[in-house]
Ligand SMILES: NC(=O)c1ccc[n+]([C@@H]2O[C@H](COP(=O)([O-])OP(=O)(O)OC[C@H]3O[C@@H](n4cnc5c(N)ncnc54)[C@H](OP(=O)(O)O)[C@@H]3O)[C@@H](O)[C@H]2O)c1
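Presented below, as structure tokens, is a lone chain in the form predicted on its own.
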């Protein structure tokens, strides 16, 4: 299926590995020009080179997502390098835990990062005529998981914010949606670390997935590419669950 993304201009935060890397790769394979950022210069350089192999424009920059001015500058630089923006994917996460520092870190990266990114790109998204913004949330936001963690609550805030934005900017032709992955496994990712350090917990979670396995980053990227595309032109304000049935609640 041709998603009609060729020539579209996409910005992906945390776009060098895992889910973010898979999203950047999928969009580039579809013919989009792609800008990425992450904290590590070497990772940005390597991913930029990989994306360039698909033939489109590529821009990469090392950015700490807790640094508001730097994140806004990255967005401005990316828009300048690509010649505009049609797709914005806020993927980077603070992965916060239980203490106050974790709450602050996750709020800065996941929530304020989204706020700043939208503020920095909204005029260009309006000018696109088919702007699409996708926040990567989590099934931890919609189903109790591993206790009262900052990650769970602040991903829920992200879903609520996306819905509000979808109502505000629908008249301007800009769509806002979320994709919420369940347990996704990739090398050196969070679930790989759990598998190495707490195999019993890893197996207990894997066993709860009706499909019998954890997901792959590419399966999340597929959902993002669809939502970003003209094929999803009438979809806004929704949260797409990608979890192999891990959450058992009725999705309405």
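What you see is a predicted model; the values in this text were computed from it and never measured. Residue numbers count along the first chain shown, from 1.
The same protein also exists as the form predicted in complex with the ligand; that form is not shown, yet it is the one meant from here on.
Exercise. Looking at the ligand in the model of the complex, do all three of 31, 223 and 230 come within 4.5 Å of it through at least one heavy atom?
Worked result: No, because 31, 223 and 230 lack any heavy atom that approaches the ligand to within 4.5 Å in the model of the complex.
Problem set entry | Contact residue in the model of the complex, from 150, 124, 132, 91 (heavy atom within 4.5 Å of the ligand) | It is 91.
For this session: Find out whether any non-hydrogen atom of residue 68 is located within 4.5 angstroms of the ligand in the model of the complex, and reply yes or no.
Result: Judged by the heavy-atom cut-off of 4.5 Å, residue 68 is well away from the ligand in the model of the complex.
For this session: Spell out, yes or no, whether the shortest heavy atom distance between residue 162 and the ligand in the model of the complex is within 4.5 Å.
Result: Residue 162 lies outside the contact set for the ligand.
Exercise. For residue 19, is any heavy atom within 4.5 Å of the ligand in the model of the complex, or not?
Worked result: Within the cut-off, so yes.
Exercise. Taking heavy atoms and a 4.5 Å cut-off, does residue 55 contact the ligand in the model of the complex?
Worked result: Result no; residue 55 lies far from the ligand in the model of the complex.
Problem set entry | Segment that reaches the ligand in the model of the complex - one of 163-171, 112-120, 178-186, 78-86, heavy atoms within 4.5 Å | Comparing against the ligand in the model of the complex, the contact stretch is 178-186.
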